[in-house]
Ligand SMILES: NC(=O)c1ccc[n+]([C@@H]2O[C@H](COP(=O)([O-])OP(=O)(O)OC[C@H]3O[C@@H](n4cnc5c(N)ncnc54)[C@H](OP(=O)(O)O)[C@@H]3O)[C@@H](O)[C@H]2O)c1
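In the block that follows, a single chain appears as structure tokens, in the form predicted alone.
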């Protein structure tokens, strides 16, 4: 009874996509920092060494999201922090991607967040505040060739978060975006590819894919993103946007000041599109 009473004093954090990458790094760090952390996955693996509890959640399902949040509230009585991190990468030319594939990308990367926030907000308003942290991407600031719908889902998240931040500020709820550049995660290795293959894109697609994987392999430690998320949660006045990593800080600045043609030429050169 004492242990449960003590745990009830901890701030409660729900992190989606916590079985790998940014999600696992963040959940582990927050648990070590004294938060009561619940991570989610569609097929949660139980590993006490991580220091947090994994619970099942499919962000594509209204019923699953509702059951997850309601079950959490029954156990803890509150939800102080929501970190929406679940997502995947869909690779392929825009023309090669079916409407169903594009819709599935948005169901996870965008509407998954929408479902969670819509379900969590009444609890946060009732308890008098909370933190919402949405993991976006450099791809939500600069579109990545042959990742058009992944980029589009992140661009959508950017606009959604900016509007939401205005709407809930008066309820003592903050909304922040984390915009990582290239980091050493399993994003590239676990990517899905469009089922249709159009031969005229094959050369460009292959080169762009190889460069994307090289950028990821040369990226920074994902623990850096976890540290930024912890700082957001503990900040008295979190900002809207946090660009994390050299690429995420440098490239949007370049895009803002150089002529469009020059910036596009640089993107094409970096992804070897014209060879």
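Positions refer to the first chain, counted from 1. Treat the numbers as computed from the prediction; the structure is a model and nothing was measured.
If you look for the form predicted together with the ligand, you will not find it shown, but the lines that follow are about it.
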**Q.** Partner-proximal stretch of 121-129, 177-185, 160-168, 69-77 relative to the ligand in the model of the complex, 4.5 angstroms, heavy atom
**A.** 177-185
Q | in the model of the complex, the one of 29, 208, 228, 216 near the ligand [non-hydrogen atom within 4.5 angstroms] | A | 216
Q) Should the three residues 11, 37 and 133 be counted as contacting the ligand in the model of the complex, with contact defined as a heavy atom within 4.5 Å for each? A) no
Q. Quick one: is residue 86 in contact with the ligand in the model of the complex, heavy atoms, 4.5 Å cut-off?
A. yes
(Q) Would you classify residue 151 as touching the ligand in the model of the complex, given a 4.5 Å non-hydrogen atom cut-off? (A) no
(Q) Using a 4.5 angstroms cut-off on non-hydrogen atoms, would residue 190 count as touching the ligand in the model of the complex? (A) yes
Q: Mark residue 42 yes when one of its heavy atoms lies within 4.5 Å of a heavy atom of the ligand in the model of the complex, and no otherwise.
A: yes
Q: Taking the ligand as it sits in the model of the complex, which residues of 94-110 have a non-hydrogen atom within 4.5 Å of it? Please list them.
A: 108
